[in-house]
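The chain below stands alone and is given in structure tokens; this is the form predicted alone.
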Amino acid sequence: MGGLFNVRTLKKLFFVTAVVLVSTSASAQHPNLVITKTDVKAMQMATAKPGRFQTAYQSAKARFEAVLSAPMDVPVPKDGAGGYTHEQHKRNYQNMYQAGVLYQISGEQKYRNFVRDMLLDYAELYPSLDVHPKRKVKSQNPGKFFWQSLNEAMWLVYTIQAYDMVMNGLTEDEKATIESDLLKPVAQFLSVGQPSTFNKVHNHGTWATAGVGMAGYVMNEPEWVEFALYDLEKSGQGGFLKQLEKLFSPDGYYNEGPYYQRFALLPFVTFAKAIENNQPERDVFGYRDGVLMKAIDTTIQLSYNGKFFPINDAIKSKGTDTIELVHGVAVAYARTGETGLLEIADKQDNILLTGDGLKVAEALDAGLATAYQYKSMALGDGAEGDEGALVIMRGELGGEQALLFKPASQGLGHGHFDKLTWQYYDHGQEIVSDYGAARFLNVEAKFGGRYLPENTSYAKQTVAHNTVVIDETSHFNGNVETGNANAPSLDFFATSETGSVAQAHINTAYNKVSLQRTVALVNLAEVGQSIALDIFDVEGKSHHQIDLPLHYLGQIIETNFAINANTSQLAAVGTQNGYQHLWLKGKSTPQAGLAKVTWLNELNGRFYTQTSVVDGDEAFLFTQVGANDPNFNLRNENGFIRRVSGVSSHRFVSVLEPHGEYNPGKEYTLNAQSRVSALKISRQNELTLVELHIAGKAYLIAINGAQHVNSVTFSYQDQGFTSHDRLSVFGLNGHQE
């Protein structure tokens, strides 16, 4: 089609196809999307045998009796996210999908009738609707059933599968009404009606192309499938395949971060299954060296204790048991037979009534599950994997630890200005934290369930993260386009049983300022624990104020320096760029030497001490989130900012040490004090030497940053450093040589 057709022409094309009813699709085999006739036969046989699948099927039927007994409700849309009509339309498409599956397996007409009647109600309602009355800002395309077109696309992804599963049981008149008055107009509205979203390389575009493409397969509209795959002009500059190329790195990391990788996974795997079942010659699961299968595994790796790492616009409650990953794990296991995936499926405890879900259920019944292997890794970011990386380090000594280091790209509009930030987890809990998104998802009373204004004024700003802020100004001056055009560089990463280390830098977050950070998770076997080492170098051309915040979850226990606390009146730390939302609780300038801050995380009963090397001119500002927040939208989390002023360069050096135990139930406390007694750092050309004394032991950590010779050695002796034990040889760009 190319340039011969504009959007107006395409609308005419959609209208013509919409009135060609069902004559070409009546003879097709249905269902033909995610579930096929072969799957249905296998599932029907499985329902007669005791096991997980039979249990899931019977539970689904029992739950659906309440749906069948309730009055059918297809309301006129009026509410924003979280409101009654919004949630009802969500329940409707989920219920239609579930009823369609139950109809295929059981053959019972009541399930078919439920889907038929609801679709006919929607077909009566849809022609009367204008765009949603609670539509978002003008830059966001609205839906009709929902306040944004994204939810409309989600409705179509589920609803077209429901229709696919019941259409062979409908009359020609019923199919004609449903297709001409509802499904085809919705597909038109989401595609030629909103080309900016449909052609966009973004998760909104993924949902839209998946819905329209699957509608094309069901209603025998091959041109729609081509639009979905290659964009409305069929240029290949947009569409589903371009999204697979641009949104995922070669390692399967999704540009917007784990939260949105999870969210986008469902339309990716669902449409991919439909493509495979209808056009296997496209080999969609093999596309880009199997990037979609890599993405499913990467999504699991991007989690700790069942929750996704909350970078960018993330809601912290989301984890590996979400329905999107339930589908992803089922698809991945069915294709690969990787038994480690079964451990994840077992913890999800949600057997899908699909062909792939049946394979998972049978494998779990057979006891084939093995432990899923979480790994330390550097996941390249960007379409070519050359826009920095997201680094995951994992340790085991003294409890399961994870350190997430983020020299990754901006992450489009959902990204935060947090270059070179880090997070730390231990004993199942987040310890050094990231705020994530300022949003109460689907809580209508909180700004309609949308992102709160404080998401922009605080959560996205650099000071809300654990990385350097220059002159109280966020990275890239808070400009998303500039951020998207400038990514950090991962200098090196390597891992072994002794520990993991990574170094990255960026020279474009601020004008004429270079930021370089080296982090390591080091396993100290002699003292039975792991420590996190952090070295942050800032080099500028002129004098600046340099801040390094650390946000922690817990209660301050002690410091080894006095704090001038504000006990009767509070003021904000600053006036803009997130500082206006931080109460200044207290301030101190420790003497030169080691400055220690210890806090208790009551959720895991562990103490944590950050020991920092200070020169006597470094101030500590103790903060709490919540200033200038008249609607109480922000969580009141704690942190402290290390600040130096009037300098052109500075090096921040610290060690984070977990220790001890607090058990209020049994009324005992163990090892509440830090065991670090010395911390020194020096450099010899490209060699960084860190001397650490902890629990009566002395360690030397040597990091060699010379090009092509990057290495780390950990050496240990009670008195002095004479025994050197090579850990690993590190190459640049995250490759181990």
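In this text, residue numbers run from 1 along the sequence as written. All of these numbers come straight from a predicted model, not from anything done at the bench. The term rigid core refers to the most C-alpha atoms you can superpose between the two forms while keeping them within 1.5 Å.
The same protein has a further form, the form predicted together with a further copy of the same chain, not shown here; the description that follows concerns it.
Trainee: If contact means any heavy atom within 4.5 Å, which of 178 to 186, 379 to 387, 497 to 505, 439 to 447 contacts a further copy of the same chain in the predicted complex?
Mentor: Selected stretch: 439 to 447.
Trainee: Looking at a further copy of the same chain in the predicted complex, is some heavy atom of each of 221, 277 and 373 within 4.5 Å of it?
Mentor: Spot residues vs a further copy of the same chain: no contact at all.
Trainee: Does residue 636 reach a further copy of the same chain in the predicted complex, with heavy atoms at most 4.5 Å apart?
Mentor: Residue 636 belongs to the contact set for a further copy of the same chain.
Trainee: Might residue 287 be said to contact a further copy of the same chain in the predicted complex, defining contact as any heavy atom within 4.5 Å?
Mentor: Output for residue 287 is no: heavy atoms all beyond 4.5 Å of a further copy of the same chain.
Trainee: In the predicted complex, does residue 665 come within 4.5 Å of a further copy of the same chain, counting heavy atoms only?
Mentor: Within the cut-off, so yes.
Trainee: When the contact criterion is heavy atoms within 4.5 Å, does residue 473 count as touching a further copy of the same chain in the predicted complex?
Mentor: Answer no; every heavy atom of residue 473 is more than 4.5 Å from a further copy of the same chain in the predicted complex.
Trainee: Quick check on this chain: which one of 72, 570, 592, 76 has a heavy atom within 4.5 Å of a further copy of the same chain in the predicted complex?
Mentor: The option sitting close enough to the partner is 570.
Trainee: Sort through 44, 669, 677, 54 and report the residue having a heavy atom within 4.5 Å of a further copy of the same chain in the predicted complex.
Mentor: Checked against the cut-off, the match is 669.
Trainee: Given a 4.5 Å distance limit between heavy atoms, list every residue of 590 to 626 close to a further copy of the same chain in the predicted complex, or none if there are none.
Mentor: 600, 602, 607, 622, 624, in sequence order.
Trainee: Please say whether, between this form and the one not shown, the C-alpha of residue 86 moves by 2 Å or more once the core is aligned.
Mentor: Result for residue 86: yes, a 2 Å-plus shift.
Trainee: With the core lined up, does the C-alpha of residue 151 move 2 Å or more between this form and the one not shown?
Mentor: Where the cores coincide, residue 151 still shows a C-alpha shift between this form and the one not shown that is 2 Å or more.
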